[in-house]
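In structure tokens, one chain follows: the form predicted on its own.
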Amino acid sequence: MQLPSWAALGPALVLALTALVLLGLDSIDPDSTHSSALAGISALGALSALGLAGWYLLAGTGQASTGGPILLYGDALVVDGMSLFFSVIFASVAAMVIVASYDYLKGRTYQAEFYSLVMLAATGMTLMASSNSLASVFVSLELASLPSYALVAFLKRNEGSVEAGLKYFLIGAVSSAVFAFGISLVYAVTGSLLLSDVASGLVDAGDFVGVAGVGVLLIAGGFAFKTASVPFHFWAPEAYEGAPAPISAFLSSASKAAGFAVAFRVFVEAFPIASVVPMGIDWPLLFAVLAVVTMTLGNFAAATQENVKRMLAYSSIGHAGYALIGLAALSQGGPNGQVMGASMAHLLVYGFMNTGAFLFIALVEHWEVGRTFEDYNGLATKAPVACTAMTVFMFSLAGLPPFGGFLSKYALFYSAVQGGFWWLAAVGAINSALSLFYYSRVVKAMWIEEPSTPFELESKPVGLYVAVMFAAVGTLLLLPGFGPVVETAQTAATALFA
């Protein structure tokens, strides 16, 4: 049976419908504290979206083998291999965060609102990956951002959470204004918001090339904020540290991937290198500078932290620098599909290992152990299984074999070298080696150091444990399964350059 074309947006529609169901339940019973029912509905929605996205991706929906991309609503949205690949990332992270939140939210009010906000943010991220117009890019970005502001400030009686939410909102508002101004300048020059029409309109920019260049620069600034890239990274450490730990995992993994999903499509399709670089709009050079500065500053800042959660926040900035290689190492006639595809594959692996690391932080917060490296001393004597999972996350984030992060970084750096950007790969490798210092501090504290003070872990929350174990298994399985993953990502990315 032939499905209608709008069914290609199934993952986004399922996430949005789940959010509406949760809001409906909350309106009927505002004081509901049925944690199991609310978490179950949310998890079912996220897993259904994951199943649909995976099914579509494997079936070749929107890809060359089935007739090419599916354009919807006046070409404002597109479903292709890249949008489905990123939908898998968003749904996977959302599912892990929801399962972990079951224990984290126990005894708290506004649980239905929490889950519905997560679903709405995930919906916005999925639509970001499918946006084929600068207008739909902006609207979907705001749909993802507005729930995120509320989620960061969810702990209303926690001063750190409220402060982080306010800072995140203010910086986000400024970045949205910058992004919208950039879009207006590009529209003024090209007369269109559709990415393909923007590309053709730039060819006839004439004397307005400078205006278009400023617009491209401002749009790049908006994406840099969403991906927590330097110099728009200031919000990230504060937001990740103050937010509930599951939301820190959600923002640092899914939200970052959403920013890259949009950036990949917008810059490749709206500002093709062959057209804009001869005009003097050399955006690959801009992203090369951002990549080097972001990965270097993020790693050096992470190395100086004593708070484990803040260390992970800065390390996520460093990983944004690695992912930026997917844009920085593009060139006219180079292996662009391989480079961008490797970056997409790294973001998938990163989604599991980074989400797992932040969910382990949530587990430790549940036990009220503390947040510093010293507080983690001897933790493995009380929770060996969870600490083994955290060890997997740390070594995978550092890029050590035999974990998924090793192959994803190797593929990314190797693709950059193939494209002639060996110096970019070298900077990435050096920064990756530096990261081993601070990641190993966590492992050393848990397994080698003696406890500074005796502590008792009174409970083993099932939801948090399941989410952490799921992330650990995913990180490990992505090692033998990395071949098909990177091939799928590179095929999807190559289609953008066709």
Partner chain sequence: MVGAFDYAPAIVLLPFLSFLVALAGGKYLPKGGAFGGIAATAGSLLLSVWVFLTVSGGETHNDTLYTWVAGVSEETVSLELGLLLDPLSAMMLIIVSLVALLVHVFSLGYMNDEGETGLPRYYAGLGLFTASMLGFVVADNLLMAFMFFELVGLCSYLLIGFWFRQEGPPSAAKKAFLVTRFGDYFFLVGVVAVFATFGTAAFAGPDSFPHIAELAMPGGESPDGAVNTFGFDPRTWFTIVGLLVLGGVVGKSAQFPLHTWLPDAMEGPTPVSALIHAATMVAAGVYLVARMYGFYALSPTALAIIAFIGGFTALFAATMGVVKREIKQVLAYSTISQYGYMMLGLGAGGYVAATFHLMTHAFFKALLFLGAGSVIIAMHHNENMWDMGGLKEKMPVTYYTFLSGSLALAGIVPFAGFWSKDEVLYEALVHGLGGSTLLLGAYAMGLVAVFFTGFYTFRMVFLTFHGEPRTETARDPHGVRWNVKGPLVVLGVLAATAGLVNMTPVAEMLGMPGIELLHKWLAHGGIEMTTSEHYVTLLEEQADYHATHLSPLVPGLVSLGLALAGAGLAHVLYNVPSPERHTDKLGAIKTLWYNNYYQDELQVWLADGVVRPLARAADKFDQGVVDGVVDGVSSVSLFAGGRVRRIQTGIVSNYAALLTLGLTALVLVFGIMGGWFV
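Predicted model only: the values in this text are computed from it and were never measured. Residue numbers count along the first chain shown, from 1.
Just so it is clear, the following notes concern the form predicted together with the partner chain, a form of the same protein that is not shown.
J.: In the model of the complex, which of the listed residues (269, 282, 197, 374) lies with a heavy atom within 4.5 Å of the partner chain?
T.: In short, 282.
J.: Exactly one of 109, 381, 304, 332 has a non-hydrogen atom within 4.5 Å of the partner chain in the model of the complex; which residue is it?
T.: Here the answer is residue option 304.
J.: Tell me which stretch of 337-345, 350-358, 87-95, 159-167 has a heavy atom within 4.5 angstroms of the partner chain in the model of the complex.
T.: Selected range: 159-167.
J.: Heavy atoms within 4.5 Å of the partner chain in the model of the complex: does residue 429 have any?
T.: Flag for residue 429 set to no.
J.: Whether residue 217 contacts the partner chain in the model of the complex should be assessed with a 4.5 Å heavy atom distance threshold; does it?
T.: Although the partner chain is absent here, residue 217 would touch it in the model of the complex, with heavy atoms inside 4.5 Å.
J.: Would you classify residue 244 as touching the partner chain in the model of the complex, given a 4.5 Å non-hydrogen atom cut-off?
T.: Result no; residue 244 lies far from the partner chain in the model of the complex.
J.: Is residue 80 a contact residue for the partner chain in the model of the complex, using a 4.5 Å heavy atom cut-off?
T.: Heavy-atom contact with the partner chain at 4.5 Å: absent for residue 80.
J.: For the stretch 163-179, which residues lie within 4.5 Å of the partner chain in the model of the complex by non-hydrogen atom distance?
T.: The stretch touches the partner through 163, 167, 170, 171, 174, 175, 178.
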